[in-house]
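Heads up, the chain below is alone and in the form predicted on its own; it's given as structure tokens.
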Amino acid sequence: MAKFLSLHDAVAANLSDGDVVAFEGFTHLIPHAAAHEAIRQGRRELTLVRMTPDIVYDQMIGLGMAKKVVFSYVGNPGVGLLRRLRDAVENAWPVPLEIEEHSHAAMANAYEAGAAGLPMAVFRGYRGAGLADVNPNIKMVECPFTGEILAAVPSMQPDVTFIHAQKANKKGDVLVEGIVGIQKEAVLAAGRAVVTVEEIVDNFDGLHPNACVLPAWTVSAICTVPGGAHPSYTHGYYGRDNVSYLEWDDISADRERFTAWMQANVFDASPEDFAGRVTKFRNAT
């Protein structure tokens, strides 16, 4: 059952060196505050999993926290590449980084298989694609009933998944509204799940039609962190900080500038700072 904890205590209790960890969010609700707390606590040797790694994974990789990243798209959305990830892959700075690339369909099916407790996901895909030539975790199998050749990948079962959401109620149920990506499956597939939320409420009223409710028994810890998705957005609370994504391209291009930015904006900051960062973006979703 979900425990209500500070973000510091939730990360300390649920994320360990060497874990397979997913900080999931698709376009919005990206758990930046949770990732920054993991950075401050100095976690190492992580396998980072996410369908769409963007700048928060660039930050973690640039600090040498990851030994591997498993993904289906990687980049600074709307801007370009991830420069710290590229530096790690091409130059092993600050540490070597292993990559495992999949399609979106493969990652989504892998999470769903993990949530179902299955060892692998089987789906139609990768026909004529070259990823199977460079990713040994992509196999082709024959359906025993029809003879059809299908793709198979290992199920995705993180040690811990972090997500950001709009609300939790006092029982520990979590409400996700707006664009719901793979957060539900990523939580259900994980051994532990930590959710940062904008606020705690008594009841969920006036639900968005595209809403997802995670019951309290699926969640290990809930942390109230207003603004915790910044610079991504939270539907119904604040809009996307597009300038921050543009600025990151320049910041991350230089190792010294990157290191200085991380010191000022992560190591010398706290979860409470996120609320102020989104003030001018509120009501802009």
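So that there is no doubt, residue numbering starts at 1 and follows the sequence shown. Since this is a predicted model, take the numbers as computed values, not measurements.
The form predicted in complex with another copy of the chain exists for this protein as well; it is not shown, and the discussion that follows is about that form.
Heavy atoms of A211 reach within 4.5 Å of another copy of the chain in the predicted complex, making it an interface residue.
Another copy of the chain in the predicted complex comes within 4.5 Å of a heavy atom belonging to V176. V153 belongs to the set of residues with a heavy atom inside 4.5 Å of another copy of the chain in the predicted complex.
K139 belongs to the set of residues with a heavy atom inside 4.5 Å of another copy of the chain in the predicted complex. Using a 4.5 Å cut-off on any heavy atom, the residues of 101-132 that reach another copy of the chain in the predicted complex are, in sequence order, G117, L118, P119, M120, V122, F123, R124.
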